[in-house]
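To begin, one chain is listed below as structure tokens, in the form predicted alone.
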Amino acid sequence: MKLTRILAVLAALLALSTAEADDRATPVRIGLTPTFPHDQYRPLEKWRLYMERKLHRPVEFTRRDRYIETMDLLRLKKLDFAWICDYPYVHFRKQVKLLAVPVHNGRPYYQSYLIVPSSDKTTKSILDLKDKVFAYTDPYSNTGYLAPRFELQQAGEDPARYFHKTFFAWSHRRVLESVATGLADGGAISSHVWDTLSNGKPELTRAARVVTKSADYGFAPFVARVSVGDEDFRAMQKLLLEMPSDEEGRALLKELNLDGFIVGDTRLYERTERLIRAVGEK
């Protein structure tokens, strides 16, 4: 009887050990969106390897050009975490959990920048771009879509009829490129992307000019799908919050043009929520 009990205990321990080994082998899947400048592959790979060492698990980054594609992957449980925009976070809030909020220049906020070609010396606001060509980022982008449409609406204009032509560039960088090359007469992008490209690709930002800056919005958040386990949630949150605490983490944050991450508060996104209701999007 004692032998039977011993064998049963050994079998249970073996099963537990196997399950833990399987958990460690299961990749952590993270979605990245147009929130992040498209050309920063090197810091992204460094960040992925850093996460693997901290989590002791494989980490996979999945890039999508459209916010809705990333949200679909979260809903289908094909992603565990994602860095998204404040607009889809607010719109799909019941399907995700707020994990962490980036901090840039000491604050968990960013803005929408209205930009025009640097050769345009006369445009002073979006109201000077009537019947022109305008580049949006993504229909689920706040800084690249919702904010400029809200500004037009507040001025009594119909965003659907105001411009001669509009198009989606599907990334903040591509909006900047469209404006810089004259493909578009104006566009709207994230202040963080503008600042990041000003450091890494100054020839791009020199070819454009910031006309106006919006009010502050809660920075594009890091989220978890709602069904992510508590242990995985805490481990990823801890990793992000503690990045400034070690030399490698600080170096990565510098390459990402961030100060760090905070736990965040849903109240950061109240202004975005008001915009969604005012413009009546989605």
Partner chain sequence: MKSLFNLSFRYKIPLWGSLLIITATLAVSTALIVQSYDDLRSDLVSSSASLGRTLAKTLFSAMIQEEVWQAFAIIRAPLHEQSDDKLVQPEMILALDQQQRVFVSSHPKSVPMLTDIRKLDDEFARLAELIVAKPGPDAPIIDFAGARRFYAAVPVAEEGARLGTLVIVYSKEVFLPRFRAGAWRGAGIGLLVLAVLLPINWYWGQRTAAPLIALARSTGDVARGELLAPPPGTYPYDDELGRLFDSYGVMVKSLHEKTLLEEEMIRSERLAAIGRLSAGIAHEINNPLGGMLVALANFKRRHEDDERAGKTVAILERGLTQIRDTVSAMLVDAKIKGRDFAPHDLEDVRLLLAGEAHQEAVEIDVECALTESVALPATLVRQILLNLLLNAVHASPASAKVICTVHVAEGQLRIQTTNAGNAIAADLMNHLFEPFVSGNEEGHGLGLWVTYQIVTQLGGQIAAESRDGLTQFRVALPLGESHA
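Values in this document were obtained by computation on a predicted structure and should not be read as measured data. Residue numbers count along the first chain shown, from 1.
Missing here is the form predicted together with the partner chain; even so, the following discussion is about that form.
The candidate site formed by Leu73, Lys77 and Ala82 is entirely out of contact with the partner chain in the model of the complex, as no residue has a non-hydrogen atom within 4.5 angstroms of it.
From the list 179-187, 193-201, 122-130, 84-92, the contact stretch for the partner chain in the model of the complex under a 4.5 Å heavy atom rule is 179-187. For the chain shown alone, Tyr162 is not a contact residue for the partner chain in the model of the complex, no non-hydrogen atom being within 4.5 angstroms. Taking the partner from the other structure, the partner chain in the model of the complex has a heavy atom within 4.5 Å of a heavy atom of Arg174. At a distance threshold of 4.5 angstroms between non-hydrogen atoms, Tyr109 is out of contact with the partner chain in the model of the complex.
For the chain shown alone, Ala169 is a contact residue for the partner chain in the model of the complex, at least one non-hydrogen atom being within 4.5 angstroms.
For the options Lys54, Lys46, Arg29, Arg66, the residue carrying a heavy atom within 4.5 angstroms of the partner chain in the model of the complex is Arg66.
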